[in-house]
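First structure 1, then structure 2: two forms of the same chain, each alone, as structure tokens.
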Structure 1
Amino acid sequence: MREPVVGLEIHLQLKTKTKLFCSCSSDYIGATPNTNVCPVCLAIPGTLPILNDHAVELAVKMGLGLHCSISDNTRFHRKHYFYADLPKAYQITQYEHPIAVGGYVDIAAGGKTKRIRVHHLHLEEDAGKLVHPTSDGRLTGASYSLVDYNRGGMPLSEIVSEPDMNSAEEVLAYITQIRQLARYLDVSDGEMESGSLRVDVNISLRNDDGSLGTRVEIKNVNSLRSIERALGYEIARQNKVLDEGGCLVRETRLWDDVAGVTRSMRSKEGERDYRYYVEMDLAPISAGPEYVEEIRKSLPEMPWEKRERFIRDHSLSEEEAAQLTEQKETADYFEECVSAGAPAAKCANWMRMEVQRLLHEMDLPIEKFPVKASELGKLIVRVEKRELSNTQAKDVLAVMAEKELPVDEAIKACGVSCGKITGPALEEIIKKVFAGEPEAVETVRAGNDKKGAKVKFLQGLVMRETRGSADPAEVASLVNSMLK
């Protein structure tokens, strides 16, 4: 099996209020087709583009996050091609002088850390969207296509990697890292489902002499699972063609998710086919050192930095730190919980188990969780002081989430006593358990419980009856003495 070599082009939709070259709203999801448009993004003759400064700022921010060098002087070009989703018959993009060059991303795959080089990041406008009258909305089986230009003109940052990936695991790790970075920087929501993040996959097989074979590009891949499947199919297909003595063709292929195959779409264009030339209606972009430094100062702690700090300062495992830093909002919640006085290890455990369970049940993101991080911290402190058992605390947390109550009010609502059940109150519960299990009590008292299974059974019933609010050692001692 020949070694696969993969490079990616990630198209990241930027979080601006308006489109890249006009004042149309960027909030086009769910809008009536062709209503979020204007003469500029519809390419009406005589209109001129006006650059969205915020899009430039976000592109620079993403470039810095990718460890790129920011170009001091860059400008736009026209990329010509004819397709129904492009009303101008050319796309305004960056060609010779992209805004960010020469970065890298470190990924973890196969138990190792690997550096994936980023060739460049450039700004460009998005095209419209083709709508197909099929049950799944895909091109396959459609008798005609409709065009919705609402997406046309949306600001994109295209991140082009070097061909440094050699497996589907590395590819998915790289995409995940890019998406995480974009969310930390608040540059994009990175949602593949809505098209905010789209990936073109370039695959070739390494020849025996070490050179790269014919490159094939795969488009129309809209989920991580689909990318994994498309890679597996295309690598196998290319190997089969070569094993049978055939030649691969440089082409663009579409991924058919239903059939699980790639299909030839068109021969791959070369740069000369696009007839690039300078976009004279837009002035060059000047991103000088002072401008770049001002943006650099605004950058938050990077996800990989936060992950290492959690391991170092809070003694968390790599798995715990990775899960808690997956989203910036989750990491912030964790740190606020710790600031309330709760031990970091306990906060991590509660967030990974109980909080995640409630978020799943309520179908909420962490930023909309009704329990404040400081209140969760106070609850965990109560558990640490043995004022509440774990079982009681879980009940209290459920009420806090359901009724949006602080800790003290939730405790009252649950009717929980902040203290251990002990002494005469505990003896009464044990008597109640004995009364309900006369056969087990009789077996023990008759000396027929050689392995102590019945005693442990009775102790467990007592703990369940107290909902964990009794000291297990005291329960064991009282049960044994009362059995005698």
Structure 2
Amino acid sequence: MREPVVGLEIHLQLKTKTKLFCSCSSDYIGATPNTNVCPVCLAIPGTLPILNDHAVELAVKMGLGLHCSISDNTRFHRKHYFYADLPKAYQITQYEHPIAVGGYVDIAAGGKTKRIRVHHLHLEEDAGKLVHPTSDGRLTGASYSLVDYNRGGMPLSEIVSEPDMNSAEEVLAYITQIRQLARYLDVSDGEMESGSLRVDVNISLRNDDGSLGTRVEIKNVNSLRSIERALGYEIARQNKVLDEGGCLVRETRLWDDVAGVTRSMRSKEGERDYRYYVEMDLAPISAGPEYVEEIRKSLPEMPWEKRERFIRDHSLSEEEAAQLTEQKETADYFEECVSAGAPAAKCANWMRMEVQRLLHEMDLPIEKFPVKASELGKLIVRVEKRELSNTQAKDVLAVMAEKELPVDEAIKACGVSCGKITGPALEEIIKKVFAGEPEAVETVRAGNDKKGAKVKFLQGLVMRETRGSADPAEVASLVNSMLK
């Protein structure tokens, strides 16, 4: 079997308030068509592009996060083609002098760490959107199309990898890593569903003699799942063509998610000539060393740094650290929880189990979780002090989340008595339980509970009766002595 060789182009929509070259709002999702437009992004004669300062900053940030070097003499080019979504009939993009070059991303796949090289990151403007009034919303066969320029001119950073990935697993790990980084740096939402992260896949097969086969580009892969499927399909297709002695053509293929196949675009791609040349309406971007240093200093802790630190400082396992640092918000929550005095291991456990479960039930992201991290910390502290049992604490947490209450009020609302049930109070409960289960008591006293199952059963009933407020060790010893 030939080895697949994959490189990716990832377009990240940058999290700016305005478009790349004009002051139109970037808040276009759900907006009435053609409302976020102005003379510049509609290419009205006489207008000129004006570069968004913040977009440059975000691109530099992302570039630094990808370990790229930032070019201090970077330029824009024009890429020409006529299409309804491109008002100037050229896209302003970076071609010969991208803002960030030569970086890498370390990914974990197949139980190993692998370095994927990043060729460069460049800035460019997005195109508008076409709406096709066919029943399935597709371009093919539509007798006319409608154009909405709200997205036209949105700032994108395109991250071009080297062809360093050899499996779908690696591809997904790489995308996940890029997305995580973008979110950590607050550079992009990185959502495939809303289109703020878009992926083009370049794939070829390496022959047995080590030579690389013909490269095919796959577009229209809109989720991790479809990327995985498209890769699987394309690897099989290319292998089949070659096995049958056929030849592959260098082409762009579209992934059809419904049919589960890639289809040739049959375009004149090969004949296209974009006529790139320097955009003289824009001055060169001067991202000088001081500017870059300033941004470098402002960078937050990177996800992999955080992961290492969590393992080191909080004695978490690899797996725990990875899970808690997956999102910056989760990591922040965790650390705040710890700083409220709760032991890290316990915090990790609560977050991975209870908090996770509640978030899932409530369908909320961690940053919208109604329980403040410091309150969860306090709750864990009380469990540690044995003022609450685990079971009680879980109930309390649920109330905290549901009613948005701080710990103390949630405890009251829950009706659990704060503090342990012990000594005579506990003996009272045990007597009551014994009275309700005479047969079990008899069996034990008769010496017929060889495996100790009945004792455990009785202990369990007591625990339940105390709603977890008793110390299990005390319950065990009292039950045992009272059975004698």
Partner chain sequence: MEFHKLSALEIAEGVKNGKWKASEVLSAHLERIRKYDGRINSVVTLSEESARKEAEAVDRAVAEGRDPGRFAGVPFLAKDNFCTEGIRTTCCSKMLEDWIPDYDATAIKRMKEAGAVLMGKTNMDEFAMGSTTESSIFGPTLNPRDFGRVPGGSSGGSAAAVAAGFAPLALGSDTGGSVRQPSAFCGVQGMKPSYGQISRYGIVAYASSLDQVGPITRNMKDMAAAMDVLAGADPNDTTCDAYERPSFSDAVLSGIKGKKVAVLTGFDSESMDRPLVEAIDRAAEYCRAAGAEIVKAKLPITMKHAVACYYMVALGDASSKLACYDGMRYGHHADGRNLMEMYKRSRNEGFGKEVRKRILIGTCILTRGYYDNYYVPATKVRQMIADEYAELFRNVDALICPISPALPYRKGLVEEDPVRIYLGDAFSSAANLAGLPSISLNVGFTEDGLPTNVQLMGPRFGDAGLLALAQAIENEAGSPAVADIEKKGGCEE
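Structure 1 provides the reference sequence; residues are numbered from 1 along it. Just so we're on the same page, rigid core means the largest C-alpha set that superposes within 1.5 Å between forms. Note that the coordinates shown come from a computational prediction; the quantities given were computed from them, not determined experimentally.
Chemist: Do you reckon the form predicted in complex with the partner chain is 1 or 2?
Modeler: It is the second structure that is the form predicted in complex with the partner chain.
Chemist: Using a rigid core alignment, state whether the CA of Val479 is displaced by 2 Å or more between the two structures.
Modeler: It does, since the Val479 C-alpha is displaced 2 Å or more between the two structures after the core fit.
Chemist: For Ala84, is the CA shift between the two structures at least 2 Å following rigid-core superposition?
Modeler: Yes, the C-alpha moves 2 Å or more.
Chemist: For a quick test of reading the superposition: does Asp53 move by 2 Å or more at the CA between the two structures, rigid core aligned?
Modeler: Shift at Asp53: below 2 Å after core fit.
Chemist: Hey, core superposed, how many Å does Pro438 shift at the CA between the two structures?
Modeler: Shift of Pro438 at C-alpha, rigid core superposed: 4.1 Å.
Chemist: What is the Cα shift of Lys456 between the two structures once the core is superposed, in angstrom?
Modeler: So the C-alpha of Lys456 has moved 2.4 Å between the two structures.
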